[in-house]
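One chain comes next, on its own, written as structure tokens: the form predicted alone.
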Amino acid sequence: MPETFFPEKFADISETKPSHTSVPHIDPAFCATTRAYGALGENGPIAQMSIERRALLPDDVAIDILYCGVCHSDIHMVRGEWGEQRYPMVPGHEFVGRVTAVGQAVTRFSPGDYAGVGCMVDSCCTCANCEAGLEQYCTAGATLTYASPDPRGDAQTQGGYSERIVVRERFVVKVPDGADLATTAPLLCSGVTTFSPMQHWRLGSGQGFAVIGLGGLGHMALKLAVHRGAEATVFTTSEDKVQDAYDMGAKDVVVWHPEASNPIPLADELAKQFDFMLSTIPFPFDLAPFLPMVRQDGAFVNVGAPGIIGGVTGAGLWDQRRSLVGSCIGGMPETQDLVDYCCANAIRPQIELIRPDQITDAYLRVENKQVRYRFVIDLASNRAG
């Protein structure tokens, strides 16, 4: 079995599971409006607005948000590209901040602590998957940080492009003392989304690893794989990212052209080279050129495109007993482990800080592949101003 770099037992974060119908511990200070930034309609710009945050329930944590990452999925959601949406919508599912108050049943946080929130804010907490710390696969359906019906409120959830939020303690991650808060924020999505499949498929030292796409997720996948001792190859469509990939530790970099008749000129040379391939591409693409690169009993893992991925044949799978699989973010114990791991080992995303009034322009730059490699909204300075 290959060596893995993070075999420690997951932390136990399930000590309290109050019912959604628990009598709330009302604190009027947390019923007030808060400033937020979101979309009023499909394809609309990101605009300042006011939203309501609920009062604290006994197991809730109130957080003043300081930094929030901009994920490509925020753009897809705001524009209704992944299905019909309700507006107004406040995106943001990777953010850190300072705890300002806690409910009376909270045991892991105190006011003044630094905390983070990722892609989920609730689940049933009682099914087998939740009991195993895999809340993202809750059989009743996890509650997403934004654009989900809120089981604890009277509307839909609203995310981290805002100055304050109230979240159930189980879904809040402790941020280690001394962590750089701005670069910690993207770990709550881009970090754990790429870390989780590496853990599950036990990517280890000396194995052949490839990541397709060098964006917010892809560059974190590269850094994590390199730190685990894997021999990493990057497939990118951007010539101007080649040197960056090498600087982050890639052994090889291949520029591929999805629309070309011969998209990967080196495909034959790369046949059966990788134990683990990870696709972070956020849109459907042709898998046919990539699948032959997976070795016997290797895995091709999709964490990107939610739509149909073409080019898959039965023969392409049973040849070499390859696996074609998917992975969705990470559970809460794994998310805490990832944050601790990255902070302890100085594994940080490369970010560009922006003001809230720059979000709409940032969306365009993400689409044009002009960010290196994650925008982070500076809400701390914005609040101070």
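The first residue of the sequence shown is number 1, and the count goes up from there. Treat the numbers as computed from the prediction; the structure is a model and nothing was measured.
The form predicted together with a small molecule is left out here; the points below concern that form.
K.L.:
Where, among 110-118, 123-131, 251-259, 96-104, do residues come within 4.5 Å of the small molecule in the model of the complex by heavy atom distance?
P.N.:
Contact criterion met by 251-259 only.
K.L.:
Let me know the one among Gly298, Gly204, Pro282, Gly208 whose heavy atoms come within 4.5 Å of the small molecule in the model of the complex, would you?
P.N.:
Of Gly298, Gly204, Pro282, Gly208, the residue with a heavy atom within 4.5 Å of the small molecule in the model of the complex is Pro282.
K.L.:
If you check Arg152, Arg228, Arg170, His72 against the small molecule in the model of the complex, which one has a heavy atom within 4.5 Å?
P.N.:
Only one listed residue qualifies here, and that residue is His72.
K.L.:
Are any of the heavy atoms in Thr236 no more than 4.5 Å from a heavy atom of the small molecule in the model of the complex?
P.N.:
So Thr236 counts as contacting the small molecule.
K.L.:
Is Leu338 close to the small molecule in the model of the complex, meaning a heavy atom pair under 4.5 Å apart or at it?
P.N.:
Leu338: no contact with the small molecule in the model of the complex.
K.L.:
When the contact criterion is heavy atoms within 4.5 Å, does Val175 count as touching the small molecule in the model of the complex?
P.N.:
No, Val175 stays farther than 4.5 Å from the small molecule in the model of the complex.
K.L.:
Examine Trp82 and determine whether its closest non-hydrogen atom to the small molecule in the model of the complex is within 4.5 angstroms.
P.N.:
Yes, Trp82 lies within 4.5 Å of the small molecule in the model of the complex.
K.L.:
Could you tell me if all three of Ile46, Cys68 and Ser162 have a heavy atom no more than 4.5 Å from the small molecule in the model of the complex?
P.N.:
No.
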